[in-house]
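Take a look at this single chain, the form predicted on its own, given in structure tokens.
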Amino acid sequence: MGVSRTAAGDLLLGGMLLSDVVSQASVDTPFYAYDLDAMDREARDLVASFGEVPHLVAYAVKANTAGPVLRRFATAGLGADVVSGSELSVAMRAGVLPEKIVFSGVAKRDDEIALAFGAGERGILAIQLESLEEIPRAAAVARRMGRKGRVALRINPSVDKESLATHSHISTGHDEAKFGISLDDVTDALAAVKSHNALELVGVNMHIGSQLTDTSAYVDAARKLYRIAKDIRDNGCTSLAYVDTGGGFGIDYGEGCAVTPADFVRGVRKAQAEFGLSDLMWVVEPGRALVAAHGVIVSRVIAPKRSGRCQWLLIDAGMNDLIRPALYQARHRIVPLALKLNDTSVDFRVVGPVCESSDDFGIHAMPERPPTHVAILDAGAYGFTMASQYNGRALPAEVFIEGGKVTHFLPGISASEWVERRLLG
């Protein structure tokens, strides 16, 4: 169902009145609310777009690490893309099978590599190695454990930075990025993996960036990756099992998004067929595309404020709760929980309580008489997972809606708990 309004102007998420959640004594503002049914539909629609092609949708856990979300995706048959030992642990405990998990990240610790190699009967699907230097470290861990470590090479496809059309902080496939093995080093990396009997090469991988709103750079990079995979196979590697083209599929944050995840799938399928590799499993790593549009932050309005020509709306959600606007200059739509048809709108600059000028959510149209509560939309990805207790503020609670009612509730971490922790020792 997603976000909608009743005829009376009250905001709904997943068919439930958000004002009803506010009225529950156990839920203080600000809090996150998620529509699990809508997330499930996004996942199943993406899986269906692959048709008969062997595939694995490995959800990028960093987007939203909540157990109810992970369990719902595991039930839908999704795997996981993780970037830490903690994410690996939470994914497996939520029911994701080890053989459906890939482990990415540029600075994996030895204990995290061991956790991945030691999972289940054979370890996870693969650790995606990001550098020449990581190869002998992974081999040493596997030898100590007496296991054959399944690995993939994350390759930097040297995409033109300007062609990505996304924020510089989330573009990862260009030559100046810290991620991946450069095209010039691929031959050496293949030789290095082959020289270690404790390692088995099962895949090649890329990830060019996030919030991509055009398929062209993604498909071009995928074509480079499939060419490398074909060369590996033609040179006698029989263990290669998958090609992972990463995620980064963009969503509509209110300014439009001309493409869907299925458009990326259709584009890459042509490249896959072009190189005769349709028998290899194709892995993708969507995160934002599955969850972002189906989460909101509900915040209480503290007060309006006039200062010179500026009209501010002070709310109790801040950059510690949602850092994307401060970090990425992202814009999230902010709307009243209750909207009357005859309300006159004026522009307010919506800001939070954090003692930083960057704690600013931008200018939004609001009723001239400010509402008691607002919702920050499209906050289901990279919201709570990036939250902090900066300024001694609480971490928000999370509410999960299924079938038009709250089915799960994760309490936040209160400001008083922060005080006690800072006084330890």
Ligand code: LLP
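Given the structure is predicted, the values throughout are model-derived calculations rather than measurements. Quick note: we count residues from 1 along the sequence shown, nothing fancier.
Here the subject shifts to the form predicted in complex with this ligand, a form of this protein not shown in this document.
Only one of F73, F348, F249, F117 has a non-hydrogen atom within 4.5 angstroms of this ligand in the predicted bound form; which is it? Partner contact (heavy atom, 4.5 Å) among the options: F249.
Tell me, which of G287, P336, P261, P98 has a heavy atom within 4.5 angstroms of this ligand in the predicted bound form? The residue from G287, P336, P261, P98 that makes the contact is G287.
Thinking of K62, S104 and R324 as the candidate spot, does this ligand come within 4.5 Å of a heavy atom on all of them in the predicted bound form? Every residue of the candidate spot has a heavy atom within 4.5 Å of this ligand in the predicted bound form.
Look at the stretches 338 to 346, 241 to 249, 311 to 319, 189 to 197 and give the one with heavy atoms within 4.5 Å of this ligand in the predicted bound form. Heavy-atom contact with the partner occurs in 241 to 249.
When the contact criterion is heavy atoms within 4.5 Å, does N156 count as touching this ligand in the predicted bound form? The answer is no: N156 has no heavy atom within 4.5 Å of this ligand.
Using a 4.5 angstroms cut-off on non-hydrogen atoms, would Y32 count as touching this ligand in the predicted bound form? Answer no; every heavy atom of Y32 is more than 4.5 Å from this ligand in the predicted bound form.
Going by a heavy atom distance of 4.5 Å, is H294 a contact of this ligand in the predicted bound form? No.
Report yes if any heavy atom of Q211 sits within 4.5 Å of a heavy atom of this ligand in the predicted bound form; otherwise report no. Result yes; Q211 sits at the interface with this ligand in the predicted bound form.
Need the contact residues for 374 to 408: heavy atom within 4.5 Å of this ligand in the predicted bound form, sequence order, or none if there are none. If the 4.5 Å heavy-atom criterion is applied to this ligand in the predicted bound form, 374 to 408 yields Y382, M386.
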